[in-house]
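One chain follows as structure tokens, the form predicted on its own.
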């Protein structure tokens, strides 16, 4: 997913001289072809993320469209004031490519695990948030980011994620139906889409008809479209590789609380607990330890149906 995203920046930069890539702590050889072909559109800042965001803001205010890549936790936790005042306040056209959303960097511990990045960014006025499910969706969405009026955060998964999204034009803000259903709706974002689909398969084997709705755009979101998908459902479960507070689950809970739906809802959120992950291991092992797995999802839906 990361390679697809960065290669798309290169492709877009070929067509648009406004586009500039600003990197921090890239691996050796990353985007070397971009650096050699378009040296005037490629800058390497180094490991000083607050300065990185400030530099990107200045370039954007001079007419550039800046794509900036570094580790998600460093972008969101470390640079919050710069994101708010340098980018959002001025509607600066900076695209923040956050590597390692969720528990991707599980072996490196809580300093690198971006488990509350969406919650940090959602309240910022004008900050867009994208969380694609797979590399093909990433390729489709990147061209739509060029002319977005303001800053965007693009949350990257591990890479090598299964392709689960339909080959359809990407529409910024639009929910994506991954599976049609009745009575039960699983809502997901990012790479948790594959978890939702596996959960739906198990529920279907038990005689249920679950739908799966993917939100690659968390902000700005077509709320009317989301409400239309929610309206006929009896049970709603959100699944996300993020803390339950402040992310997708909170977003859907807000909609459910404020809207009067004709069908009463049973609702639950499946995500990471209100704690730092204990121990070290693989992404999959920490997700299991945190209760973010298919069996837990199935059990939660069954409780909602009682």
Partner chain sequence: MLDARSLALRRKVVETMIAGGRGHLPSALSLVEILRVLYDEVLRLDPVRPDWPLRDRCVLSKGHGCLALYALLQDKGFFPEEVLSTFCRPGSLLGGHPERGKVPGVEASTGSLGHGLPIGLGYALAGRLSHADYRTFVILGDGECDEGSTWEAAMIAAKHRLDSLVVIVDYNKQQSYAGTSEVLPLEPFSDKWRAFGFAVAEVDGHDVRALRQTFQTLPLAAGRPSAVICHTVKGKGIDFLEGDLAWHHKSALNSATVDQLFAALKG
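These numbers were taken from a predicted model, which means no experiment stands behind them. Residue numbers count along the first chain shown, from 1.
Just so you know, the form predicted in complex with the partner chain exists too; it's not on screen, but the next bit is about it.
Residue-level contacts in the model of the complex: of 208, 90, 198, 139, one residue has a heavy atom within 4.5 Å of the partner chain, and it is 90.
Out of the listed residues 258, 274, 36, 62, 62 is the one that sits within 4.5 Å of the partner chain in the model of the complex by at least one heavy atom. The stretch in contact with the partner chain in the model of the complex, judged by heavy atoms within 4.5 Å, is 45-53, chosen from 245-253, 45-53, 262-270, 276-284. For residue 134, no non-hydrogen atom is located within 4.5 Å of the partner chain in the model of the complex, even though that partner is not displayed.
In the model of the complex, the partner chain sits within 4.5 Å of a heavy atom of residue 85. In the model of the complex, the partner chain lies farther than 4.5 Å from every heavy atom of residue 13.
Within this chain, residue 20 lines the site of the partner chain in the model of the complex, having a heavy atom no more than 4.5 Å away. Along 113-152, a non-hydrogen atom within 4.5 Å of the partner chain in the model of the complex is carried by no residue at all.
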